[in-house]
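Quick heads-up: it's one chain on its own, the form predicted on its own, in structure tokens.
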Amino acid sequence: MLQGLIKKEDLKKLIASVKKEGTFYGLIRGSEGLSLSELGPDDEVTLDYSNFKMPPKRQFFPFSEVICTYEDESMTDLPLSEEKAVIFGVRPCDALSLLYLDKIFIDEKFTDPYYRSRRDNSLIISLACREPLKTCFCTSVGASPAGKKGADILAFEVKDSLLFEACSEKGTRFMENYPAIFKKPGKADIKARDEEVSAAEKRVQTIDLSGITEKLQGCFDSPLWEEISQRCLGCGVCTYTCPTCHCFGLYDEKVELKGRRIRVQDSCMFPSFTLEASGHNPRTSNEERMRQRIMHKFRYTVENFEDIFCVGCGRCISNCPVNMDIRETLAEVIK
């Protein structure tokens, strides 16, 4: 695959070139912390971070979006996004998560046109991890601090430079468009990259998840779920900050004969998530909702898509207000 080296101080040249043709998203430090945002003329891209709080799924699957409007008996779909975007700096775990979301929203039978148009028009440049957090466990779920899956280009920090490596045809075409910006890396650059990757992989916390799907098949009615759910507040932060959670609800806002339909991200940890129009709720307790969350990620998605829908980013651990740790939950299931 094509490789190219660029000085960190020259990253602005690449950003300026990209912005002539589309939008550049990068990590920006603001009043609310670190976020993946569109770069304005005065914004500086941040490279010094372990990860950011909200996953990149919101670039393709927004918190809320209007999908159609209607008046009288006519309905109008909202136009698809045609924005050409480069999304820079997502971690390899987050790049991988987009492949899992693709399995949900881009299917042979049922394709979400809004999601697909954003994916088709976006280029993902992932930035390899140098300092994984204590809450990270990506290598336990088949990911890596330098994983290439889901990325069009994988970038590595090598001293005062960034080493770019194309991971897809789209990534190769992108790098070929800027021959004056990317320089050929030397053997010392490649060696430095390999040493950084090896060191990062050794820092990742691990948990043995072998047999987790089979274990879950036999513990649907286990008292373990009640025990685990005792501390859970049902706040939903674990699902909103999860890069692979994809539940949503559809709502209509209507005034007389005019209205609009809105898709809103939802959480299976909320009591109202399964509340039926009749008033019946098949999941009335925290215990049942906790079971559904774990079963869905580590059993049902394996049965339906042959993949665990967890990338080990650790956001559900670091953002939980009562310090629940999904690794401890999984260890309880396995033992």
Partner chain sequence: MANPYFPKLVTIEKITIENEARDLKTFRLAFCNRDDKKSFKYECGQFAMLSVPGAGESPIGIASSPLDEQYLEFTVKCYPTGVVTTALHNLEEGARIGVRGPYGNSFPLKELERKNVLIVGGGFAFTTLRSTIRYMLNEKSRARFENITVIYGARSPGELIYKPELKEWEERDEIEMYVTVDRGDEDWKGREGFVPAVLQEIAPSSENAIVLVCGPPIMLKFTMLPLLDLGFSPDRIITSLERRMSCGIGKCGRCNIGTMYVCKDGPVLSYKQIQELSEEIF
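Positions refer to the first chain, counted from 1. Here, rigid core means the biggest group of C-alpha atoms that superpose within 1.5 Å across both forms. Small disclaimer: the values here were computed from a predicted structure and weren't measured.
The form predicted in complex with its partner chain exists for this protein as well; it is not shown, and the discussion that follows is about that form.
A single residue from the set 208, 169, 77, 176 has any heavy atom within 4.5 angstroms of its partner chain in the predicted bound form; that residue is 77. At the 4.5 Å threshold, heavy atoms of residue 28 stay clear of its partner chain in the predicted bound form, well away from it. Although the partner is absent here, residue 282 lies within 4.5 Å of its partner chain in the predicted bound form, judged by heavy atoms.
Using a 4.5 angstroms limit between non-hydrogen atoms, residue 159 is distant from its partner chain in the predicted bound form. In the predicted bound form, no heavy atom of residue 149 sits within 4.5 Å of its partner chain.
Partner proximity in the predicted bound form, defined as non-hydrogen atoms within 4.5 angstroms of its partner chain, places exactly one of 245 to 253, 191 to 199, 160 to 168, 89 to 97 at the interface: 245 to 253. A movement of the C-alpha atom of residue 49 falling short of 2 angstroms is seen between the shown form and the other one when the two forms are aligned on their rigid core.
Comparing the forms between the shown form and the other one, the C-alpha position of residue 71 differs by 2 angstroms or more, with the core used for superposition.
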